[in-house]
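Have a look below at one chain only, the form predicted alone, in structure tokens format.
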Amino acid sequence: MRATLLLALIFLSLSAQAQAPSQGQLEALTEKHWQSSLGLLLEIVSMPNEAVYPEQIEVNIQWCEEQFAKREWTAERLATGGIPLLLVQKNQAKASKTILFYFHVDGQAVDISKWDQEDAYVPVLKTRSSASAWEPMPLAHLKTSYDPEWRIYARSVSDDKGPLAMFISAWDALTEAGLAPDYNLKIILDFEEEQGSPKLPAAVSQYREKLSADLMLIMDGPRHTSNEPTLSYGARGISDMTLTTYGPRVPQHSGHYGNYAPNPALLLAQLLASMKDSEGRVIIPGFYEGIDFSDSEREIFSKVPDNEPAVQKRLGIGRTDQVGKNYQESINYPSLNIRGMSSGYTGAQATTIIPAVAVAELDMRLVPESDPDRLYRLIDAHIASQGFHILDHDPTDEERLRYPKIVKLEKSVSYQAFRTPIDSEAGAWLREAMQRALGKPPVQIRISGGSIPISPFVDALEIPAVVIPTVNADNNQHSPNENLRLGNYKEGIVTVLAILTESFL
């Protein structure tokens, strides 16, 4: 009771003096609330949320509406022609500025046979045993005990429901303390991010006025691998391609037609191999055009505390591609990646055939300097230079006879890259808040390697955007055994509290 009274007096004094809470005060406020807020986290991750099942997503949308309504936020579904976006808002008296937060609430698919628990939507608390294995323990321990290394295992607990729970928990703590931001708040909740947010770009343009803001903050993705506080000032965009090559109309006996009927798998392998050298660099002329780093930008790369030998050991790789001089430089280039290939059969299903087709799916990660339409034109020209006739459909019998080498090329752009200058006002404002929250400057990433659908907001609203990652880097997002470290959950609440109490006048 005495501690609670002291905490109340501290924040009453802060409110009266319009001072931002210190690190110690933020930690005290978090300490009072974080354990009770875990119920919110366990509840949100217990709801299945695959965007391919609209009935699952509807449950999640309704949950979000109810949670924000309890806190007297307004909520509005933004129709997209598919699964809606949800916009929630909280205006502050006399505020002239607005910050727009982004979270996504959908999650990746689950193959429970690969998980070390019975149900990915029934959260499990685990601790590392002496044998370095993760062992389950009763959730009841969360009510009375704390170890920052304990982890909660569940689908979407880190990507991206955990950060949403951090935000709501921080808001509850702030409200109870009688504090409030000096700016208006908007939150856009995306329920199709893991499906590439196909409706989002058009929706952002359509609802530009409703979404208007002065700054966008994205709470998604992991911290730097050191698990130090992190700010990321951009993210690569993403586009994809599917290449299909053709052999005989139907698979043929490799004894009867080997050495005679061209093999589409070999054709595809030769085509793909022609796009990169042995060091992993794209050799299509002009692919890296426009990418040039200044001394100050290289200094930014060098300040990121990457332990590359440890990363290579964790990945089990004895060499790296030589696109950049180091990891940070490499992710500031566009990439061309083969994400999957198929042709014929292998293993127990193997048959001695010449396949009829071979298929490769590729993705391109984009940086602001790389226009995907220009890159596609370069790729088209390169494929043609290798003697292939490009189609957008399966070949007709006439086309099969006319063109000796055929490739069907399908392509699409999900969204482009964005990047905010590190020395911007937004960057300075966030660094101040995070220094106050955690007592140390954040690791600053110029652009992250992964992709999030933020460029439509940056372009349509003409605002800067910065990513505030909070979850542990080894969280297994998109994979079996996704998890959230308790220390990261707690520090995430402290971080949100610091941002909500940083003056934005």
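None of the values given here were measured: they were computed from a predicted structure. Numbers follow the displayed sequence, beginning with 1. Throughout, rigid core stands for the largest set of C-alpha atoms superposing within 1.5 Å between the two forms.
The next section is about a form of this same protein that is not shown, the form predicted together with another copy of the chain.
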**Prompt:** Do Asn259 and another copy of the chain come within 4.5 Å of each other in the model of the complex, heavy atoms counted?
**Reply:** yes
**Request:** Would you check, heavy atoms only and a 4.5 Å threshold, whether Ser342 touches another copy of the chain in the model of the complex?
**Result:** yes
**Request:** May I ask you to check whether Ile354 falls inside a 4.5 Å heavy atom distance of another copy of the chain in the model of the complex?
**Result:** yes
**Message:** Within 4.5 Å, heavy atoms only: does Asn91 come near another copy of the chain in the model of the complex?
**Reply:** no
**Request:** Decide yes or no: are Ala269, Tyr333 and Arg365 jointly within 4.5 Å of another copy of the chain in the model of the complex, with each residue judged by its heavy atoms?
**Result:** yes
**Message:** Counting any heavy atom within 4.5 Å as contact, can you tell me which stretch out of 206-214, 173-181, 244-252, 119-127 lines another copy of the chain in the model of the complex?
**Reply:** 244-252
**Fill in**
Interface check vs another copy of the chain in the model of the complex: of Lys313, Arg431, Lys97, His389, the one with a heavy atom inside 4.5 Å is Lys313
**Request:** Only one of Glu410, Glu135, Asp371, Glu308 comes within 4.5 Å of another copy of the chain in the model of the complex by heavy atoms, so just point that one out.
**Result:** Glu308
**Request:** Select from 219-246 the residues with a non-hydrogen atom within 4.5 Å of another copy of the chain in the model of the complex and write them out in sequence order.
**Result:** Arg236, Ile238
**Message:** Using a rigid core superposition, assess whether Leu271 undergoes a CA shift of 2 Å or more between the shown form and the other one.
**Reply:** yes
**Message:** After superposing the rigid core, is the C-alpha displacement of Pro421 2 Å or more between the shown form and the other one?
**Reply:** no
**Prompt:** With both forms fit on the core, has Phe388 moved 2 Å or more by CA between the shown form and the other one?
**Reply:** yes
